[in-house]
Ligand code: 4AD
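As a starting point, one isolated chain is supplied in structure tokens, in the form predicted on its own.
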Amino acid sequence: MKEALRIADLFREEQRLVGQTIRVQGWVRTRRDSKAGISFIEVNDGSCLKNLQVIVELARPELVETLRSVTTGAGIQVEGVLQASPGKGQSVEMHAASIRLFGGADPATYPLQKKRHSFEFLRQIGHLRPRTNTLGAVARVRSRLSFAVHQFFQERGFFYLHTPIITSSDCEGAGEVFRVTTPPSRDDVAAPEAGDANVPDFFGKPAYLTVSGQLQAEIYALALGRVYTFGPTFRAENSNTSRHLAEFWMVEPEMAFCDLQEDLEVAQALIKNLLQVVLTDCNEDLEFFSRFIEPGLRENLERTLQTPFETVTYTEAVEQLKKAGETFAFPVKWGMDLQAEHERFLTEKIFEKPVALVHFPRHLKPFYMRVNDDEKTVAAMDILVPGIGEIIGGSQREERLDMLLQQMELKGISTEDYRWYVELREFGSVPHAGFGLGLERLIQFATGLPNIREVIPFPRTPGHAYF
């Protein structure tokens, strides 16, 4: 059986393939019949943004019967000769010799017709939205970026670590965790409420979906030197903003013998490397986003590559915001957790480029961050980008036993529950640092999409857990 060509490969090798008989498989985007007795079918198989135009002569009775069911959304296979196209908009076209219908789509009920649909509408048909230009392009960019993450760290001597999804540790200490429960075995008994003292824990202690793989990654960094984890994380945060999800993917490297400055350098290098990959390898999809989602997107990404990030202390940033004369919904004062409006003002108005904020107030950050000599701030960093705000958060970790114990006491963290973490400071402690990059926010920045729900295949938000 002749192997079907992916449409992306067809266009890459079109000069060689012109005049040859080929086979393609995909889904019908549009079909129109002309008065000249020709049917034009646009076929897409998801391998690229571009459709292949298929020419069908209506005078051929062996094709017309099948053609009646070839409507928008149908899954088909077409075999024919690839020829140079005399029409505008495509360099080549296929002249069909045979058509096979795999599955039809009733035009009366198929929701994706030839018109623009709102993102809100597309979220209601998440099983079909990947067939649209925008969501298909996002999926291809996401795939390439995910692979590039591994390339970046593997080329720099990092080891890929699988940290647990079910954990007994609340890394952030904020309590925004999903409790893992085991319902009774009998179907007629209601599942227990989270924390029900009368139901024994499957693991013998409370367990949660991970909010971060950082603490476990520290264990391996203090044995292998450089590690990274890349996987799903979960936050039980009742937030319905365009920047938050209950389930998202995090890239988290941890490096032994590393301070905040080195941590910051790796973080900036990672962002620039990933953006370069998009510019180099996702050209067609990037042009689509620049045309229909965010005009000037390519230029913005290129400018980010060419411009050094601005490094500013939290204290300096607060002073800059105060002097700006802007009326914020949340008035700025030292000691507050900066909001998205402040982060975007810093990147879009004051510095007009990505900003690395460093040295945050001690009380704002988790217990594991290294306390600075002033004992008021910690060696933390947030990288902010225009249009999004925070995209990376990280720190030098507290390697000194006495200061770690002090931090844990101040934050109300049990040393017994985290005995293993304390022992890492008792047995061969060394300076180390790391950060977390939110993959979805990076994809938002790279594609210009305004809502984070469009850059993950199956968004999980309060009240929404379809599929």
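In this text the structure is predicted, and so the values were computed from the model without any measurement. Position 1 is the first residue in the sequence shown; the rest follow in order.
Unshown form predicted in complex with this ligand; subsequent notes refer to it.
- Just one listed stretch, out of 105-113, 210-218, 122-130, 82-90, contacts this ligand in the predicted bound form at the 4.5 Å heavy atom level, and that stretch is 210-218.
- Residue R235 is the only one of R370, H342, R235, R142 with a heavy atom lying within 4.5 Å of this ligand in the predicted bound form.
- When this ligand is considered in the predicted bound form, only one residue from E348, E390, E310, D201 comes within 4.5 Å through any heavy atom, namely E390.
- This ligand in the predicted bound form is not approached by D285, whose heavy atoms all lie more than 4.5 angstroms from it.
- This ligand is not shown here, but in the predicted bound form it comes within 4.5 Å of a heavy atom of I452.
- When contacts are judged by a 4.5 Å heavy atom cut-off, R243 counts as touching this ligand in the predicted bound form.
- Heavy atoms of M250 reach within 4.5 Å of this ligand in the predicted bound form, making it an interface residue.
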